[in-house]
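Single chain ahead, by itself, as structure tokens, in the form predicted on its own.
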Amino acid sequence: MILAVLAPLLLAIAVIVLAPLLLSHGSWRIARPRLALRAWLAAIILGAIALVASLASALVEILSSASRQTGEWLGPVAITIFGWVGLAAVGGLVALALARYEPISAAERRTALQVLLLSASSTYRRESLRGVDVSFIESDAAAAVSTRGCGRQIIVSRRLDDALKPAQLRAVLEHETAHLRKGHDRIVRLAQLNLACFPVLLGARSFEQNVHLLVELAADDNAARRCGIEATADALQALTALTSEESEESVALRALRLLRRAERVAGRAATRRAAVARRASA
């Protein structure tokens, strides 16, 4: 029975130690951001399940050992201590998570209210993109923001609307739609809450640091599938002239990533055409 307690506990420890080492390094994360996000979520879920399984096994052993008399005492005592300490830790963690979540939730509610008021007071055009409301507002800031404040909605500023070509604007809207449809805001919130509860864990810090980039890259890929790689890269390049200096480099690198992918796709297509031409002439 001790093995039933130790095995999932060791698995949880292995996940906590190995996840940041495996998931925070390598170019594969940039090439396949959706896979990286799924891997992070799987690691968190697996670690949580393993800890719960270990605690449940300890509690089962406590209850069963109370009904039998054996000459052994060290193992049952250790499991009993682990079980009660584990229950106390779970209770403390739940209380901590609730306390940490409230400021995050309050900040999101304030942002949603501000977006709602801005949309209600200065919208000059409305559209719908596959069930998502798009409001164009009077604003000098070049911005497109997705929100769930009152249903799924995208807010686009006048400056961004005027600066982008229709194909570029469509790519930006598809990017924001991906954030809403794929629940990227919830993933970011989970990463923030995880870090707030476990600030000393390397995995919590790594997940929070990586998640913002990964959701942006995943949304770029969604826009590229809908609008084409080159059109999405063109939209990102156009945004570099409109964004702040601190985010300009990040947007430019995202555009470069898509352009390099377009070059690889074009190279593979040229190789296939050459192969077909050789077979036809043979």
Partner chain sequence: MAGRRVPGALESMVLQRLWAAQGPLTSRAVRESFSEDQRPALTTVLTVLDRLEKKGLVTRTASAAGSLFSAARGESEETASAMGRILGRAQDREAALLHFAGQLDPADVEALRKALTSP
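Residue numbers count along the first chain shown, from 1. Values in this document were obtained by computation on a predicted structure and should not be read as measured data.
This next part talks about the form predicted together with its partner chain, which is not shown.
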{"property": "The unique member of 224, 51, 37, 239 whose heavy atoms fall within 4.5 Å of its partner chain in the predicted complex", "result": "239"}
{"property": "Residue 137 within 4.5 Å of its partner chain in the predicted complex, heavy atoms", "result": "yes"}
{"property": "is_contact(residue 260, its partner chain) in the predicted complex, heavy atom dist at most 4.5 Å", "result": "yes"}
{"property": "Heavy atom of residue 172 within 4.5 Å of its partner chain in the predicted complex", "result": "yes"}
{"property": "Contact test in the predicted complex: residue 133 vs its partner chain, heavy atoms, 4.5 Å", "result": "yes"}
